[in-house]
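Only one chain is given next, in structure tokens, and it is the form predicted on its own.
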Amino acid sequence: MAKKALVTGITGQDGSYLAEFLLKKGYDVFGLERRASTKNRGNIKHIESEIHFISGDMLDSNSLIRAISEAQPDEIYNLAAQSFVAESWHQKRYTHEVNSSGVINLLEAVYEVKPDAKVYQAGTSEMFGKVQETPQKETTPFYPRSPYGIAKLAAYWTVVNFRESYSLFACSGLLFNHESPRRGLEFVTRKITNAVVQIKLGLIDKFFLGNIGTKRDWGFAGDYVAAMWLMLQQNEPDDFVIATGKTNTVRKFVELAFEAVNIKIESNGKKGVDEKYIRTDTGSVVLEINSKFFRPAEVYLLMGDSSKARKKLGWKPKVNFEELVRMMVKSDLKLLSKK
């Protein structure tokens, strides 16, 4: 008999890659979907017919109980969240309710309906925030610097508490930045690749970013969902950092994106809000730094140590940073050329 998996946030970037992964493994995949007048299934359009959709909401305990009762899942992957860090400053309460209280609702429902189900909770490197050591690993002290990071940290400790108090198989993946062509346009990586392609096609002249000196540990989302699955195949629940162990600046991401469309750029040499990038063949400004895109409390460096996951799970990333940037640029070029 095929295993059953319930995935919240199934229409998002991670949810779509995870659904593909599980279907290839022979799972019956159930997706929790919020009621909306317009379905947002773009990321899973190609596998939509293979997924069993269940209406529900992380803030509605009864709908979660009903979803788990209907699916009777062996595994539950909670990827539902208000996941845009910048927006969390504008929607602090909502971010906390979905990302933290929603996890309590889910775990309560699991305990009541299907206590033998294995549960994966999506953690984040943003919980480390103002980092206390580099690289960051499972034992690194947390210091979140955004409402998003704070809410995710509360969810992390909720998972620990349910695991220790009720013996649930519940674990958290402390995933560092992972991107793909399916990343939303509001996220900085996709904002960059989409804007660079638009400049290449002559659709826009320039775009704006915030602090491009920040450093991140970027991987490919398709690689990271495999780690989620591996965590739930273990005999005992545990938490794992998932990362490449390499860090790059947003500035480097920009430069590689322009390189991928054969546009040469050069900096005006300044740093901070006065920094600009100029297209060398035309002399036109293609990127300007704007302080309105800076975070109220910046996270300057994130770099993960995934040695525990590599040893215990046998996981390692396959797509490197340069390949990731080229993949995203190529996808946006194909998408925008069609339009």
Ligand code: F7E
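One-based numbering along the sequence shown. A quick note: this is a predicted structure, and the numbers were derived from the prediction, not measured.
There is another form of this protein, the form predicted in complex with the named molecule, and it is not shown here; the text below is about that form.
Can you tell me if P181 lies within 4.5 angstroms of the named molecule in the model of the complex, counting non-hydrogen atoms only?
No.
Contact flag, V299 vs the named molecule in the model of the complex, heavy atom cut 4.5 Å
Close contact exists here: in the model of the complex, V299 approaches the named molecule to within 4.5 Å, heavy atoms only.
So in the model of the complex, does any heavy atom of E186 sit within 4.5 Å of the named molecule?
Residue-level check for E186: yes, a contact with the named molecule.
Test of understanding: in the model of the complex, would G210 fall inside 4.5 Å of the named molecule by heavy atoms?
Taking the distances in the model of the complex, the answer for G210 is yes, it comes within 4.5 Å of the named molecule.
Only one of V113, A226, A154, V85 has a non-hydrogen atom within 4.5 angstroms of the named molecule in the model of the complex; which is it?
If I apply the 4.5 Å criterion carefully, the residue I get is V85.
Among T95, T244, N194, T124, which has at least one heavy atom within 4.5 Å of the named molecule in the model of the complex?
Contact check passes for T124.
Counting heavy atoms only and using a 4.5 Å cut-off, do F220, F258 and S331 all touch the named molecule in the model of the complex?
Not one of the three qualifies.
Quick one: which of 68-76, 173-181, 133-141, 158-166 gets within 4.5 Å of the named molecule in the model of the complex, going by heavy atoms?
In short, 173-181.
Heavy atom within 4.5 Å of the named molecule in the model of the complex - qualifying residues of 218-252:
Read in sequence order, the lone residue that approaches the named molecule (within 4.5 Å, in the model of the complex) is V250.
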